[in-house]
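Just one chain is shown here, as structure tokens, and it is the form predicted alone.
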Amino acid sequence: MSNPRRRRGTALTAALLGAALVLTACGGDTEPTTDTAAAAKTRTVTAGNGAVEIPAAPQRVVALGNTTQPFIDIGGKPVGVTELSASELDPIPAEQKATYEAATKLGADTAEVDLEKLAGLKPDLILVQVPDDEFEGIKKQLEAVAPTLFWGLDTEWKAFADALAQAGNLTDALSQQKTQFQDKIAKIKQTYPAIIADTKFVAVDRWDNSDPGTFVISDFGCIEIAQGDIGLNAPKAAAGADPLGWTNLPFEQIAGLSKYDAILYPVDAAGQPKKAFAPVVESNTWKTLSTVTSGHALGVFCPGNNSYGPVLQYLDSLDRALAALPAKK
């Protein structure tokens, strides 16, 4: 009896070899256009998997894992992507949704990516950000199709945006986003200096997979931007310790939030408590917190924190929240 897993591997190898042959044949028989001539020039880029020679101006980019939304956010137009969730897709601008919809969907995530379909797209560059062990499982298959740039999940978001822009030859678009980011940061710091200096904030959240009756004090994600770039005073784990946001706290500890001057909690684009966090705001303990009854609990929308577009939306929401914060008595 044949082994189905081996049979799939044989078919995949054939497909990858076939795609490589097609690419080679196209390169020999087709008169190069301006774009393909530019793409034929190469440069060396260093990513998490080392120095990789890539086209100077890649034309057919596949974006896998966490690269999909950030690459589109800086103006990239990938030919293939892994799928975005509804919560990731809803907040992005219409033109970016159109770019995403036009790309071939290769799977719900990189662990399920259809490598045969990917090879059929004939990419000249593959971008991928996934856990290290997940990349190791598909590294050889991806690199057999096209130059592949990999980043681990611990890559700092600004460095990640820089790397994607360099890889995709999209640095002009990124420069505009960086200018907007610096302008918004400066505006918030200039508008609320006393609040930033004198207010003890705490950012709370609740994950989709949290245990029932629990919440977290969050110290990663968008709050890192509020702390690091703006200077908000909010709790974070000691250097080298696990993030506070990994520790589920029972609802009995909601009352302890009253020791902070202001609470930042997650809301959706419409300003309603995030679905996973709704049980917290519906609890009697939350409703009777002095911080809540005095108007010092602020809903803030964070659509993402790994590219400038979502971060700019977060800064707008934080700006509005700080403007609504009642003065101290």
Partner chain sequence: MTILAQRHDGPDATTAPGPRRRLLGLVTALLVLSALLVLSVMIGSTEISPSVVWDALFHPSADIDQFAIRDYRLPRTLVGLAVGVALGLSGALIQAITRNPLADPGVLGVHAGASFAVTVAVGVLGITDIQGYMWFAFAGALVVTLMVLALGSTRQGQSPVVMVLAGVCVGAVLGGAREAIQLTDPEAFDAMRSWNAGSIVGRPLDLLWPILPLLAVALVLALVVSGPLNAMALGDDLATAQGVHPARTRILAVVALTLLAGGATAIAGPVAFVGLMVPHVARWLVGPHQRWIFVYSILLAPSLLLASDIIGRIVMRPGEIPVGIVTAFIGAPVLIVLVRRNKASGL
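Numbering follows the first chain given and starts at 1. Just so you know, these numbers come straight off a predicted model, no measurement behind them.
As for the form predicted in complex with the partner chain, it is not shown, yet the points below apply to it.
Proximity to the partner chain in the model of the complex, defined as a heavy atom within 4.5 Å, holds among F220, F251, F181, W157 only for F251. Here is the short version: of D90, E101, D198, E112, the single residue with a heavy atom within 4.5 Å of the partner chain in the model of the complex is E112. Stretch-level contact analysis of 203-211, 123-131, 167-175, 183-191 against the partner chain in the model of the complex, using heavy atoms and a 4.5 Å limit, identifies 203-211.
Under a 4.5 angstroms non-hydrogen atom cutoff, the partner chain in the model of the complex lacks S294 among its neighbouring residues.
The partner chain in the model of the complex comes within 4.5 Å of no heavy atom belonging to N49.
Of the heavy atoms in L153, none are within 4.5 Å of the partner chain in the model of the complex. When the partner chain is considered in the model of the complex, N284 lines it closely, a heavy atom lying within 4.5 Å.
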